Ligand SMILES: O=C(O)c1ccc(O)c(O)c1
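One chain follows as structure tokens, the form predicted on its own.
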Amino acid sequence: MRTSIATVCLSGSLTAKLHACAEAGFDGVEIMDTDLLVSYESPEEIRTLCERLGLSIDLFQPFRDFEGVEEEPLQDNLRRAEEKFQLMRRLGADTVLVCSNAGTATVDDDARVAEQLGRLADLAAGYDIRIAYEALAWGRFVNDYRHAWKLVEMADRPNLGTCLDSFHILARGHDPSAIEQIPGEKIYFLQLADAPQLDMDVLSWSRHHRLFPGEGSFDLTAFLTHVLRAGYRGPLSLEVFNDTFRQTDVVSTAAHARRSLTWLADRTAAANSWETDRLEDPQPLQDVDFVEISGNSLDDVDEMLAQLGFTFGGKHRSKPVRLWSLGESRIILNEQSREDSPRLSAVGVRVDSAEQAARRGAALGAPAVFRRTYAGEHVLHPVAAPDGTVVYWNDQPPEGTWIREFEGGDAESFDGSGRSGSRAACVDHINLSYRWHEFEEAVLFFHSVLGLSSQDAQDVPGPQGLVRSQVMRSTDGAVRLPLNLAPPTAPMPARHVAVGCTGIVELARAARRRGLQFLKVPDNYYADLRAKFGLQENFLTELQELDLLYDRSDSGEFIHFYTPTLGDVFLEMVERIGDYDGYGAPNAPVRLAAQRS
């Protein structure tokens, strides 16, 4: 698999973009005309830099508004084209993208358009340049890839082919299966982009909301299958217009982009039982092994866990690390940190093969994290998510491995098996918050590296605007990671661990007796509960006295409460009754407002 990326996907100068593309492992680039226009380096210098970096210049783009015009403007368009062909010779590019005319076309006549494309191709032939003709989704007369291919066939020139762009095809709902009727050698170039499903004009959708593969709603696996079955053998290239990506760090965005192509190639090969471009299969996640909270002083977190009924599992024998447990939920407090405030820093998950999971992560560009391990200590396999959160894979029962490294715990209620208190308790879900420029990359990371699937995003009203929430989860729901994106001007929401349990009312009363004050819920909330659900008065009073929140669906009920926020982290205790499968989303505005006050 050869990979390429359009320089328009990235921020910064053209030279910075080229360095980042090479560092990320791309084989080639599409150079955007505007990027070259604003560069102080000459075309020859850019060509030399690409050669030194090992990057091929796969496409020069775009050449716009050429065909479908009268003779006088056509002559001027041919003059413009010849200037670009001369520039391409200096640059060392041999293929140019010609977009269907969206601005100046006045002639809706296939025969005349094909004749004009033929004249353009004849002019390009004198410079050994190929023309890749593409149907823009908003082209005035040509906006369907099948129409563009028909015109290429009619023009019948050896250096005239077509360019296929997944956005232009899938955004208009066109059936991509007809791609297989195009000879592979006449598909000169392939551009890939994902996108969310949005109800808006296709031009704005394209210019601002494209995503890298694996982050949106398009079925790019099926799309790429059709292209490869047609016989296309060129590079898989990304052309993603997105306001966020063009403002983020160029190196991390290039790595993010490269990961998306690796993931897509693997998904496509797996779907077709092909041997090439395969990664090791993602390891099914069995459950959450542990959650880690870091900070240079975590005494307040110790106290809060004790008040909630967690059992102290001891101190690590070689590190300033402590273990707390409630049922199958395990929280590690790690004071090997320079951070003043507590933060949720790592998640451990159990799989069948930790080494295989780590190899897949490495192949997808997830950086390995050094973990100091002494003789006799269990070896975990950590990698870093894009924001620095560490993911640990473990393929052994915790009670027989890393838990035995903790000493001095409560021997009566914690026997080293990892089970204490209520056996039903477990980590229900882990809410992770991201800044505006990290969110899409996090979705792709958990999708590709951990094999989690994404549910439809929801917008939750907060005190400073809508908070976008998208749940990533394993097939069986054993691992659930709601990802939260706050409005750009709002503070990043604190992260939290939700611990599932039974008997939450009794647990809440016991925590209150131990001195824990929960997040205060306004009385107006309970008046609304009465109106919404018609709850029995004694039950409603009990909820209100304990600051418990409640939700109900057709399949069950959900009761939960929140602890105060310590630094950048808090805990949520939840009880699912029946088959309730949500997260109490109607209560999220109450929680966000209470935390803000």
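Because the structure is predicted, anything quoted here is derived from the model rather than measured. A residue's number is simply how far along the shown sequence it sits, counting from 1.
There is another form of this protein, the form predicted in complex with this ligand, and it is not shown here; the text below is about that form.
Every residue of the trio Q61, H168 and R207 has some heavy atom no more than 4.5 Å from this ligand in the predicted complex. The stretch in contact with this ligand in the predicted complex, judged by heavy atoms within 4.5 Å, is 136 to 144, chosen from 177 to 185, 136 to 144, 453 to 461, 346 to 354. For the residues L326, I131, L264, C99, the 4.5 Å heavy atom test against this ligand in the predicted complex is passed only by C99. The partner is absent here; in the predicted complex, the one residue of Y392, F241, F218, W436 having a heavy atom within 4.5 Å of this ligand is F241. This ligand in the predicted complex comes within 4.5 Å of a heavy atom belonging to Q191.
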